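This document starts with one chain, in the form predicted alone, laid out as C-alpha cells.
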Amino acid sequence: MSDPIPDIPAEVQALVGVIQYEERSTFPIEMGYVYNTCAAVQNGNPLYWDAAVAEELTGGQIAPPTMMSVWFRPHYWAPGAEGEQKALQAHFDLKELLDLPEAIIAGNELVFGEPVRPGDVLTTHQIVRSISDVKTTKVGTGRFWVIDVECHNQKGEFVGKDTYSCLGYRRPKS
C-alpha cells in the first residue's frame, strides 16, 4: 500500500493495491459479438471477417483487441443476480465511500497480451491503484483515482489490462 492520503478513511485506503471483484465471463467469447461490434464501427478488417485470413495471420479467429472491455461488462440484468449489474464496480464504490456523487472517466489506456479467441472464457479483476489528494477542477472539487481491470483467459494467460483514470467530484454550489 502507498503512503496514507490525508482525509481518506483507512477503509478506503485499504482498498489500494487489493484485487477486488474477480469475475468470470458469463459465456464463452463468440464471433457474433465481434461481427456486431465491427459492423457498428464499420471495421472491415478481414482479420475479423475472413476465417482464412485469420488462420494465416494469427492461427485462427481473434476478437479485436479494443473489444477487451466488452467481455467484462455485465448485462444490466441476469437471472439470479441481485440488483443492477455494473461494470467497474470499484469505481462506483469509491464514489460512494468518498461521497463524490459525480464522476467521469478522464483517461483510458489499454495493454494487450494474448489475443482473445472464440471459445475463450475470461476472468477479470479490478485493482484500485491510486487515489489523489483533493483537487479542484472546472467541473468541481474531488479526487482522481486509477483502476486497473486485468484480464486472463481460461489457460491463465494474460490477455490485457484496461486502466481507467477517473475523477469523482462534487459540483460547485450555484
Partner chain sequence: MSNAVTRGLTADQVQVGQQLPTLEQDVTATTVVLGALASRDWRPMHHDKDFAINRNGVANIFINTPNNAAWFERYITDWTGPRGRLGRMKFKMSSSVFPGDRMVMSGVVKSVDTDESGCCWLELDVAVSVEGVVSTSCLARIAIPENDEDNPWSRKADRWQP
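Numbering follows the first chain given and starts at 1. As the structure is a computational prediction, the values presented were derived from the model and not from experiment.
Separately, the form predicted together with the partner chain exists; it is not shown, and the next lines address it.
This chain lacks the partner; the member of 121, 31, 134, 47 within 4.5 angstroms of the partner chain in the model of the complex by a non-hydrogen atom is 47.
Though the partner is left out of this view, residue 84 does reach within 4.5 Å of the partner chain in the model of the complex, counting heavy atoms only.
When contacts are judged by a 4.5 Å heavy atom cut-off, residue 141 does not count as touching the partner chain in the model of the complex.
When the partner chain is considered in the model of the complex, residue 70 lines it closely, a heavy atom lying within 4.5 Å. Contact between residue 157 and the partner chain in the model of the complex is found at the 4.5 Å heavy atom cutoff.
Heavy atoms closer than or equal to 4.5 Å to the partner chain in the model of the complex belong, across 110 to 135, to the residues 110, 111, 112, 113, 114, 115, ordered by sequence position.
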